[in-house]
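We begin with a single chain expressed as structure tokens, specifically the form predicted alone.
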Amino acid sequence: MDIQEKWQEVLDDLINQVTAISYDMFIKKLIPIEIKDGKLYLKAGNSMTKQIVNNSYSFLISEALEQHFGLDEFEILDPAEYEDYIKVYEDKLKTQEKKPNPFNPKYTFENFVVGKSNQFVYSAVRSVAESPGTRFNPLFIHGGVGLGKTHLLHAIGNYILEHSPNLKVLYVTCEKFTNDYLETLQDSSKKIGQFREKYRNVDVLMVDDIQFISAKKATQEEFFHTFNDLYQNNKQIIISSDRPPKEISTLEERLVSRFSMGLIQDIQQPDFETRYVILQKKAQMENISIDNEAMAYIAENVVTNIRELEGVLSKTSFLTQLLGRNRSTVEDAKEALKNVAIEDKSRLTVEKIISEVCVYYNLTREDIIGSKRNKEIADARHICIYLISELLNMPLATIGREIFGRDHTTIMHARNKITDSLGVNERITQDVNNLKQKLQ
């Protein structure tokens, strides 16, 4: 129904039933708003008009409404009542409107399996989600591929949207931030102010894979100022990377300093118990029927990251379905792991690097990871550290703590010593190149 058109028909009837002055001063100035619950709502110019129309012309209006609208109820709102009416209407619309959730609904704190490898980072992330901008700001998370960094960032977003929907949360990858900035610079129709409004007018900014900002000086400059603006206004900043700030090559020192102002937490590879629970939860979420022995077999043999772990579980379930069975067994898991096992044999690991260095220099494993300091062993140890850092992209703190039993600065010194020698010391350069060729 076209309310305006029908209301004009009512006015055409009423113009012949009242005096010209009454029509022009009162009837004509009524404005239809909407029909709701069988009643037509009208807006009056002032409270006097409302009173006069209700007292003198309500019967005539009701008859006309019955003829043209098929209803005889109406209500006139004066300006103050109209403002209240609109406010209630707008508030209702806001309540009904649901903003699309930019975060993966599967990535929640409830679905994140906590174990020894991630319990500290989980506690820090949960604390930040519950009280953004008050603790651990910035929060810097680092760890290898597929260990749950992105899951935790999305969990923060989902938690805040549920418990503090008034807060504005923005999650982007470093690549997205860089592309947005470069697009702004290249497109003259876009103002840098719009870019800064997007990234600085937020309560929580999360940037994933910040290591890709290295070697991009202009982007680092812009991110530095974005970081400062948010930090000075007590806005929460959360950053993830595959390595700690000091190990991101060509990252400006001032950004390293900013990233280190808050809390830095790493996620390590999950142990067997954690991997097993991850498989249990994944199987439950995906309604996968699988024997406990099969899950244990997968957990024992897939130790690299969670994505590969879950991928093998899905492949196992798929093979079971192809065979027309309802429940996966150890045999299905072994079949699913065949290709993965072949890949594992060729995958570079810490032990393979240590073993190759030992063979190359005719040393033992105890020589390499031990405390002997004669030049031959020390050089081999430093080269081993350099290769692990370079080829496996492993954080120096992890190399020191889990492999060599030394602190971060000692490991950094060893790696830097070899880095500085490349191209300068012919023997070390040749040894490193030969070992790289063997390993790769």
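Just count from 1 along the sequence shown to find any residue number. Treat the numbers as computed from the prediction; the structure is a model and nothing was measured.
This next part talks about the form predicted together with a small molecule, which is not shown.
Scanning 329, 150, 314, 355 against the small molecule in the predicted bound form with a 4.5 Å heavy atom cut-off leaves one residue, 150. Contact with the small molecule in the predicted bound form, defined as a heavy atom within 4.5 Å, holds for exactly one of 337, 290, 213, 278, namely 278. Between 316-324, 302-310, 362-370, 195-203, the stretch whose residues reach within 4.5 angstroms of the small molecule in the predicted bound form through a non-hydrogen atom is 302-310. Heavy atoms of residue 133 never reach within 4.5 Å of the small molecule in the predicted bound form, leaving it off the interface. The small molecule is not drawn, but in the predicted bound form it has no heavy atom within 4.5 Å of residue 251. In the predicted bound form, the small molecule sits within 4.5 Å of a heavy atom belonging to residue 113. Residue 85 falls outside the set of residues with a heavy atom inside 4.5 Å of the small molecule in the predicted bound form.
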